[in-house]
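Okay, here we've got a single chain as structure tokens, the form predicted on its own, with questions on binding and movement later.
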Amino acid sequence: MKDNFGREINYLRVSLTDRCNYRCSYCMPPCGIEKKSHNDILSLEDIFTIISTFAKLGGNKVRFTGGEPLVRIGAASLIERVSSELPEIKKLCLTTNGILLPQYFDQLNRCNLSSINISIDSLDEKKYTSITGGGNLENALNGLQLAKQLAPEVKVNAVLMRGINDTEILSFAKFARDNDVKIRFIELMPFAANSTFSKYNILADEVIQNNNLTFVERINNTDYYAFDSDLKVGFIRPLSHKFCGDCNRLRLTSDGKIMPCLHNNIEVDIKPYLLNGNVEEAIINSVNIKPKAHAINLGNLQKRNMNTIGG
């Protein structure tokens, strides 16, 4: 599928739930989340129908996200079903905080996952606990080791926050080398309903300059920089160096909306299309209204919180 700007749309990010076992301030609203009724959330069967339709239209990559995807009962079974029944999906990926990987290891081990992203925003135990609202760093690191057994590619994602983890760049680089994983720092993004951005915003370019890093290579939307030959870190820079021209994705929220752009409030409610048996039309409509680029620089902010989108 191609959008109106010639971009090939072949990647679907699926949020299985807006719930999480963590309370990261940049993701969750300060007041907590409103508990949705069963009818507000897409069933796993409906999600499978949407993914299979996306595959028939040419999609070949799916990433499961949350909140924390594995807190949803049946999540691992859905992932296994996609793996076994949809050979068109060549890349099957998971983003998780890693805490529940021990519980679902055997089932996920049958899913032929292509990659797993583990969210670890600090290597300092106290900072990690503070950021996550009570999380345990050791549990996350144990999850990371299991992820390395489940997928050939494992990345650690850290949201860049001024005064929180911007002094840990070298520590993360050493950690990535010692654990044979890639580390990617993601610029903190503003959301209309969350004030975290004004408090912790720091652009990647400042961090790169402060650490005297040297550019190495660009892989997809990640720019990798090095302290030296074996100490590397990646930066995803949607604010300072936006990469909308290469965007190939749609997002499906757990409450049944297709979002053509992370930072645009355009949505397509897929539920009526599910009732009419015309999911294909909903996906095509979503591709056709995908904007050329986000307009964060103009103050056009996403009204949803991050936990309801899935990254």
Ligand code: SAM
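Keep in mind the model is a prediction, meaning the values are calculated, not measured. Residue numbers here begin at 1 and follow the sequence given.
Only in words, not in the display: the form predicted in complex with this ligand, which the text now covers.
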item	value
Contacting member of Ile202, Ile164, Leu146, Met189, with respect to this ligand in the model of the complex [4.5 Å, heavy atom]	Met189
Position in contact with this ligand when the complex is considered in the model of the complex, options Cys27, Cys247, Ile50, Met259, heavy atoms within 4.5 Å	Cys27
One stretch from 102 to 110, 74 to 82, 221 to 229, 155 to 163 that, in the model of the complex, holds residues within 4.5 Å of this ligand by heavy atom	155 to 163
Non-hydrogen atom contact Gly66 with this ligand in the model of the complex at 4.5 angstroms	yes
Contact test in the model of the complex: Ser122 vs this ligand, heavy atoms, 4.5 Å	no
4.5 Å heavy atom contact, Ser114 and this ligand in the model of the complex	no
Any residue of 94 to 123 that, in the model of the complex, places a heavy atom within 4.5 Å of this ligand	Thr95, Thr96, Asn97, Ser119
